[in-house]
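The chain that follows stands alone, in the form predicted on its own, written as structure tokens.
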């Protein structure tokens, strides 16, 4: 009887911790790996190094979709909702963004409820230059810190090419 009670108490504690962890991960913050070189040098600066960066993703920004130019965000791919991407917000709803597509310069206005995202390493990034502005509803959170590897722990800075964006609304 004592072994059953010990086992049942252990299972209850494990399930409680699991549910608390899942709630925190779903509602408040989570840690996700950054794969590939599309955000290099901000993340994974040494592509040949076999260690991915891990980042902290906060989700409080989702309540009112409060984002700023230069925020790095995690979002679901517009073409495959099972894929998640990490890119930097370059333009917000109502902004005008200068783009180059097939050696042709263009300017377009980001529609209401959308944002324009790009990888820091444009040579290896699938981003808004490929699939256009993304709906804000696909954004899953904002990256705030690198948490692994230890030598790279720190805040993620907000930077963006101001010369390509006009905020005339």
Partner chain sequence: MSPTFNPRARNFTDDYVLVEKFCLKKYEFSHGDVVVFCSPSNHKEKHIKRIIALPGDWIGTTHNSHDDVLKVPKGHCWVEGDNSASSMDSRSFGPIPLGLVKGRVTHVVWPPQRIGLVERVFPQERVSSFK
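Numbering follows the first chain given and starts at 1. From a predicted model like this one, the values you see are computed outputs, not experimental measurements.
Only in words, not in the display: the form predicted in complex with the partner chain, which the text now covers.
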Subject >> Heavy atom within 4.5 Å of the partner chain in the predicted complex - residue from 35, 129, 109, 140 >> reply: 140
Original post:
Contact between residue 64 and the partner chain in the predicted complex at 4.5 Å, heavy atoms?
Top reply: yes
**OP:** Examine residue 113 and determine whether its closest non-hydrogen atom to the partner chain in the predicted complex is within 4.5 angstroms.
**Re:** yes
Original post:
According to a 4.5 angstroms non-hydrogen atom cut-off, is residue 78 in contact with the partner chain in the predicted complex?
Top reply: yes
Subject >> Contact of residue 56 with the partner chain in the predicted complex (heavy atom, 4.5 Å) >> reply: no
